[in-house]
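Before any questions on binding or motion, here is one chain by itself as structure tokens, the form predicted on its own.
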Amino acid sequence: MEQTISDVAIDRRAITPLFRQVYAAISASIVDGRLRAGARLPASRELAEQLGLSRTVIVAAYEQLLAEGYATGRIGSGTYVTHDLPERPAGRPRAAKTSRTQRYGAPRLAGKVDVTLQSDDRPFNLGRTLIDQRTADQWRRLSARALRAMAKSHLGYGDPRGSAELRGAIAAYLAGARGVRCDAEQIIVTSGTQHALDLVVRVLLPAGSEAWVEDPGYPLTREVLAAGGVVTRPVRVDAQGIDVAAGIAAAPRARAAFITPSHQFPTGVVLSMARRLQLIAWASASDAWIVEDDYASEFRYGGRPLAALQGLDARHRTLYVGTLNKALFPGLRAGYLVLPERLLPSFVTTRYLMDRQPPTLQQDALAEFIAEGHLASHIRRMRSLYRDQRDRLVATLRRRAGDKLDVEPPDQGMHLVAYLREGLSDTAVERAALENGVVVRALSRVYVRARPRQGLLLGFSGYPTAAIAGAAGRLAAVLQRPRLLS
């Protein structure tokens, strides 16, 4: 049965693209139950006429709904609301409790953090980026302008959250690019993801509290939590992302879940819509928090970037963490934390006590870089370049070492996973490759309790295209050595 869509409010003056406004209205109706499971959505041409929009806008909105699991398509029949969504939680959401800032004790590190390899510039180390001459010139120009102006605001202390101009530019960028619902007041400028996670631990997670982490997952997230005395509960990851039911069974009293839903680290899987809604329902019922690390969302190579989980969470249980260090360059040291409004007082106070404020001269340049459209333009150019580098690496590995590993080009991100064929040890390959001038990371090292798979993490974003084939060839030669058997 076809249902009428009557509550789509279109604001042609808004920054948010028209297709995303349509998508947001329909997805909200699905989550709220106004559009029932199995209901047929109007034909794109019909809805376009109803809303006074082009059919292209409606088709793009429907494609986003299909990509994120809100809807399913039936050839020759139309687009339907999916049945694969959990029931909405009953009752009104409970008022959140904001814990007072906790004293941060001596580090309780789970293991030794290897900081020496982070700066290695050889392929295929992780976390490296490229900028072209156009971006370099624009950054120099804006930095010089900020230094010449030397506004009086730099001669005193400012807002611990960061400048209003930069926060406004970030809010506008996130609304259009990631579907994040926030205004500038909800943003705290950080030096990056690690800084943001440290703030979360200090404010929300007392020593001894429990938190879910993905297994496999990002090791430094576990280290930050361990340093704050938080007990991490590894939760397995499958083809749909973190297994929420397994997390509830293993640690029902956890205070937070730390996740990478748009591009899970390291596997690259996307958290399904059913799991997203299940996670939000758990957080609301348990008075817990979701910490969404959206670390490489800009670089999606097949279709539009998936909307952030934060934009789906009408119960305001999600803290959104992003970074400009990967979109631009790690030396920038700029990220952001988007908070529910009720958490702002505690977080702003803690930010002030930790570090007073971010550096203001750099904020001026960065705010103009974003507001003038240079960030969006840079991302488009780098997305094309990184896609080419990804394809060059995959093609070389398949041609030179297809008998030793399985590799598929990821749809998003700045690294890929090459799974080793049975009998090969990824830690042995890691050591041998380093001896031959190639940096790879053993996949098995990022598992905690789940059964580890043997594979290699290879970053492809930070290296000249010409260097990739040669390094991949050296890695292929290493893989032919018989002593790498496990």
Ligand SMILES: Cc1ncc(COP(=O)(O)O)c(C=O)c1O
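This one's a predicted model, so the numbers in the text were calculated from it and none came from an experiment. Residue numbers here begin at 1 and follow the sequence given.
If you look for the form predicted in complex with the named molecule, you will not find it shown, but the lines that follow are about it.
- Interface residue among 363, 389, 193, 318 relative to the named molecule in the predicted complex, by the heavy atom within 4.5 Å criterion: 193.
- Between the options 398, 333, 141, 134, the residue in contact with the named molecule in the predicted complex by a heavy atom within 4.5 angstroms is 333.
- Three-residue candidate spot 23, 62 and 68; no residue lies within 4.5 angstroms of the named molecule in the predicted complex by any non-hydrogen atom.
- With the named molecule omitted here, the record of contacts in the predicted complex names 291-299 of 168-176, 291-299, 249-257, 381-389, defined by a heavy atom within 4.5 Å.
- Mapping the unseen interface onto this chain, residue 282 falls outside it, with no heavy atom inside 4.5 Å of the named molecule in the predicted complex.
- Within this chain, residue 369 is remote from the site of the named molecule in the predicted complex, having no heavy atom within 4.5 Å.
- Although the partner is absent here, residue 262 is not a contact residue: none of its heavy atoms lies within 4.5 angstroms of the named molecule in the predicted complex.
- With a 4.5 Å cutoff on heavy atoms, residue 326 counts as touching the named molecule in the predicted complex.
- Heavy atoms closer than or equal to 4.5 Å to the named molecule in the predicted complex belong, across 214-240, to one residue only: 218.
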